[in-house]
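To begin, one chain is listed below as structure tokens, in the form predicted on its own.
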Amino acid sequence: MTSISALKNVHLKGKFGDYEDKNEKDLIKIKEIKNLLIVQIVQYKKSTLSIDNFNLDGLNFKNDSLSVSNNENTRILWNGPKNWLLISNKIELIKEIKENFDHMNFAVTDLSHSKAIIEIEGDKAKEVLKKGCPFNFNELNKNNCVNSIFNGIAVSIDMINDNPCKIKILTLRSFGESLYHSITDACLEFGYINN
């Protein structure tokens, strides 16, 4: 089965906004990230298991707010107390998740086809997010994440890198096009490239 991109009808390649007479490396880069495994893992309150005994793809589950465990293939975002969002390009991890996280202690939900992910990269990426989100992005650093809103749309924001600034923004698939238009509108003054 082939999945259909959440932004298939709106994400057009090219340069947009105030890009003339600017070096291409100074423009914001926008792309849709697709074909990833996205799983929410929630440990039940009644569970007595220690999450310290669990890991996936060599990564531990951190219980610190804003924290992300990561390697080259997988990122585990702290989503709230005893609540994590796993994002990986290793689709086969779903089998290991189902084997190790039993239904008596964990709620495991595959969200792979219900999310839209937009990645923005560039020196002005945080400035773009400041236009629609109340979070203080001066405090967001590499391997931090936050749940917030962007122009009224619920989002999860994952800071991939500081230099160059690279951020993934996740939302429900049904809000993908609205989020995309909000992000691209916020990028117009800086100029941007859709990849």
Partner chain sequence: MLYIKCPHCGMRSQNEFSYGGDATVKRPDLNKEVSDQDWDNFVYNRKSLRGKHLELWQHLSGCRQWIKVERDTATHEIFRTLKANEDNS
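Positions refer to the first chain, counted from 1. For clarity, every value in this text was computed on a predicted model and none was experimentally measured.
Quick note: we don't show the form predicted together with its partner chain, though the next part is all about it.
With the partner omitted here, the stretch from 64-72, 29-37, 161-169, 50-58 that lies within 4.5 Å of its partner chain by heavy atoms in the predicted bound form is 64-72. Only one of N100, N79, S112, N105 lies close to its partner chain in the predicted bound form, with a heavy atom inside 4.5 Å, and it is N79. Its partner chain is not drawn, but in the predicted bound form it has no heavy atom within 4.5 Å of I41. Looking at N144, you'd find every heavy atom of it more than 4.5 angstroms from its partner chain in the predicted bound form. Residues P134, F135, V146, N147, S148, I149 are the ones in 126-157 with at least one heavy atom within 4.5 Å of its partner chain in the predicted bound form, listed in sequence order.
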